[in-house]
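First comes one chain, alone, set out as structure tokens in the form predicted on its own.
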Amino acid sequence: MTRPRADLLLELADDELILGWRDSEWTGIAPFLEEDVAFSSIAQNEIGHARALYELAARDLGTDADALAFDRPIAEYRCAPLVQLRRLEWARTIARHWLYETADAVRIEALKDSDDVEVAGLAGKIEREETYHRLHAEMWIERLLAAPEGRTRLEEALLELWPYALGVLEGELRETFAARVRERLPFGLPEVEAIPRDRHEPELAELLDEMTIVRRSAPVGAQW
């Protein structure tokens, strides 16, 4: 049976929305002023991508993007556990950033080849901004690998987050992603079980409560 398009769109949209909010948590407290700006920009892009994906899914589901983003019960969110983790220290934030962007590149490449013209077209538009995200992540990987302490902290972070990262994709896409990561790094990553999408980290409930507090305070049917 062909997987419903809305299911795929919601996975992508939930990943982008939650990661966008997580990236935004660095605003004002990043270790460098430039990174305040960079992560704020990346967060805005991710949330913008989520909006476009929700809008396409909403047409299939007979609802609207805001309802999909904010009104579903937590059990219906399909975001990968990798993006759910609350603000990590800097090396782990960079490790997640790079792992997610690498996985997302594999996913977008596949979507651009989709027979669904709307999905392929949207993937192409998203790709143009994601290219900047990958360049930013790669710059930081190079910077951390260039210093002994940075390399040590990055390796520790990647080892910790590797099972989470593998859960972003499935099947052949996961295999492609794992091969790209291993090819890039000067150290090995173990064979581990992926942490699947159906797992919700405790931090997700806290984040959704924070994200929806204004919407929940308004009367039912309020227009945004």
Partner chain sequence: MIYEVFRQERKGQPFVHGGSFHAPDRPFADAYAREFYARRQESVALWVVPRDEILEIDEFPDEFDLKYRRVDGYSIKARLAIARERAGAATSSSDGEGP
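Residue numbers count along the first chain shown, from 1. It should be emphasised that the depicted structure is a prediction, and the values quoted were computed from it without experimental measurement.
The following text describes the form predicted together with its partner chain, which does not appear among the structures shown.
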At 4.5 angstroms, heavy atoms only, are F32, A38 and M139 all close to its partner chain in the model of the complex?
-> yes
Spot the stretch among 190 to 198, 39 to 47, 155 to 163, 64 to 72 with residues whose non-hydrogen atoms come within 4.5 Å of its partner chain in the model of the complex.
-> 39 to 47
Exactly one of R87, R143, K112, K125 comes within 4.5 Å of its partner chain in the model of the complex through a heavy atom, and that residue is R143
